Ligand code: PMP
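Just the one chain here, laid out as structure tokens, in the form predicted alone.
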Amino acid sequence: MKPWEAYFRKVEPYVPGEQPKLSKMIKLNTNENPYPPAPQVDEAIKNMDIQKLKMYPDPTSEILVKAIAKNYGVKDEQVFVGVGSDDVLGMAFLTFFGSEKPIVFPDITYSFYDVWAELFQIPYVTPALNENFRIKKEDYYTPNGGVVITNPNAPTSVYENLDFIRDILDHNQDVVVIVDEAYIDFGGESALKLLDEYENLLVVQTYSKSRSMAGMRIGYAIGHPTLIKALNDVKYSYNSYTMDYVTLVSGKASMEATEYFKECCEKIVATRERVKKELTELGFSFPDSKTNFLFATHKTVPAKELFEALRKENIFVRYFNKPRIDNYLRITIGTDEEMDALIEFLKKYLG
């Protein structure tokens, strides 16, 4: 080690899902939406003012903030936007978790949380989910520096109802509670309904799943104006121009394309419910998913074996080589044709 390396901040980085570059493949490993963005997004990009690309974008992201606020019936000052929900969540960790007490999130959840905690030197504890991959709410009653819950959870796909979320909030009045709702549009009720009751609640959502815009990188948080102001103060101290002009224009158009958004979500949910039945008939079991993916295990064939067999056929699913979940595959819901190909291969392979 060189002497100056001793001062590096060293962390174990987050490992994203594989992004294969094949012309023919079935990509079911990163929970992307299989359908294209709304046609209104295409029109907005074609008609945007190209001259604005020579100028810095609006640091307040006003047109996007206003579109999100209007869609959810909240005030502009209740909305914060960032470069994907990862950026929003990372900023929230940096802004709200300055206590010496540990923050709390489950042992099996979005694997970026512990990375941010390590990076920002935030103490944390990770209570174990129960045998059904559900949160034991009593684990969140103890004094802490903040709470983070993904709902529905990833990679387990398990959803907890609003009474459960309300109970967590009732027992954590003195800290910020973040509810990460990347998958809420595919099932369940959003905790946005609780904002008027809890000033310490921050709800985070994304364009990457239900709005078919993972490649554009748009995330947002909705909460009390005090929380949003604090987030913006940190953002402006770090990087004022996080959202580029093309993203702002596209994001506004997508948020306003309500009917298309609903149609895509309904198609994915219908495919998911159909595939649940077919996988069950093939000997798979999984939690009752309220997301755009299934977290499946087979009764006899190891998950790693299936993962490798599928990969040889250019069918990509997600495998986690981690304790408690190393015999599960996370399978994104693709188009009906893609899921038919997956089922057909599994039928042959399982024989």
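In case it trips you up, residue 1 is the first one in the sequence shown, and so on. It should be emphasised that the depicted structure is a prediction, and the values quoted were computed from it without experimental measurement.
Omitted from view is the form predicted together with the named molecule, to which the following refers.
Colleague: Within 4.5 Å of the named molecule in the predicted bound form, counting heavy atoms only, one of 119-127, 236-244, 265-273, 181-189 shows up; tell me which.
Modeller: Stretch 181-189 is the one.
Colleague: Ok, 134, 224, 101, 217: which has a heavy atom sitting within 4.5 Å of the named molecule in the predicted bound form?
Modeller: Looking at the other structure, the residue within range turns out to be 217.
Colleague: So the named molecule isn't shown here. In the predicted bound form, which residue out of 108, 253, 89, 168 has a non-hydrogen atom within 4.5 Å of it?
Modeller: Looking at the other structure, the residue within range turns out to be 89.
Colleague: Using a 4.5 angstroms cut-off on non-hydrogen atoms, would residue 209 count as touching the named molecule in the predicted bound form?
Modeller: Yes.
Colleague: Would you check, heavy atoms only and a 4.5 Å threshold, whether residue 150 touches the named molecule in the predicted bound form?
Modeller: Residue 150 belongs to the contact set for the named molecule.
Colleague: Consider residue 154 of the chain shown here, and say whether it contacts the named molecule in the predicted bound form, taking contact as heavy atoms within 4.5 Å.
Modeller: Residue 154 belongs to the contact set for the named molecule.
Colleague: Is residue 172 close to the named molecule in the predicted bound form, meaning a heavy atom pair under 4.5 Å apart or at it?
Modeller: Result no; residue 172 lies far from the named molecule in the predicted bound form.
Colleague: Could you list the residues in 1-28 that come within 4.5 Å of the named molecule in the predicted bound form, counting only heavy atoms and keeping sequence order?
Modeller: Only a single residue, 14, comes within 4.5 Å of the partner.
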